[in-house]
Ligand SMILES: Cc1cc2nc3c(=O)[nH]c(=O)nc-3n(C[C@H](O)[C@H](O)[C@H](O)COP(=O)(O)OP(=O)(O)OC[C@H]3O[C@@H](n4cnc5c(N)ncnc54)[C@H](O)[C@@H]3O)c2cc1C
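First, one chain by itself: the form predicted on its own, in structure tokens.
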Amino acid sequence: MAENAIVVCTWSAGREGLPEGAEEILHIGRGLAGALDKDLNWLVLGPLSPGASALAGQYGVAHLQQIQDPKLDPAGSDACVEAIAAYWAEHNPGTLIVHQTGEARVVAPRVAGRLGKAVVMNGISIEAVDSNYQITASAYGGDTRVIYEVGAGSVLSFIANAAVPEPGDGAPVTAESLAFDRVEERVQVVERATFDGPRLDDAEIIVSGGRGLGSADNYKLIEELAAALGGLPGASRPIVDDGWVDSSHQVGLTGRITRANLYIAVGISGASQHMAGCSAAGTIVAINRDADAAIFQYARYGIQGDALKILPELIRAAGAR
């Protein structure tokens, strides 16, 4: 049922709802399976989220397979590695695709090492070339792009954005049996941070600030403009690292991958690490003092000037509307 199929794998890390990134990798898997004329299967480790069957149908999943066990609710890294390795030995999938969450950064390389397979992390896009795959990935902290060519039967981890799925029927669920008696988790999660407010991933409008703001106190202008526009405030990695704002606001390769309709980048240089998180925006507006800043290459609209003078005017204009 899964032999030589393109298999997308997700698991719960204690969060409610669909696993993080499920739509992103189903979109990637559907494109690859279509190009190679192979089945697309979805392997779920642990509890099946409400709506999973319907989502599988929307993305053309041929088989929705589930491995259920108390050790996969939530799934620890040791249990995930054991489950995927056993599934691979049973079904010999053509390729395994995961979304690059923090947990997947640990699991994917271990699975590849266990099975003696190639692994590619930080993937952004993929193309089928003859019997191989060419994966464009981010490297050196997002400062550059590289292209890897690997054969079928690889483990691939992606950070790419999703497209809108086509309507479709739900997919039936097949239970996969696996004994977990030998698995002992070596890492125990003591506490998980939860965030119940609006998420950058879902925001229609995002206003992000960078070091060009000059100081942490000036970040309040970003928050005020975002509120006036009905959006959310974002941030570049440098100001998160400097402690100006917490990491829940970070946009970029190591932060949130967003696809807002409007993305306003204020005092942000436009390094590829940051652009990996906002390049899918419908419209990018850049505000920067430096006329040669790379961000202007990506922006549809640009304002060169002092952000501390420009932002108050934009806030007043947005408030007047």
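Note that the structure is a prediction, hence the values are computed from the model and not measured. The numbering used is simple: start at 1 and walk along the sequence shown.
The form predicted in complex with this ligand exists for this protein as well; it is not shown, and the discussion that follows is about that form.
Considering this ligand in the predicted complex, the lone stretch of 32-40, 61-69, 263-271, 48-56 in range is 263-271 [heavy atom distance within 4.5 Å]. When contacts are judged by a 4.5 Å heavy atom cut-off, residue 238 counts as touching this ligand in the predicted complex.
Contact check for residue 251: a non-hydrogen atom falls within 4.5 Å of this ligand in the predicted complex. Contact between residue 293 and this ligand in the predicted complex is found at the 4.5 Å heavy atom cutoff. In the predicted complex, this ligand sits within 4.5 Å of a heavy atom belonging to residue 306.
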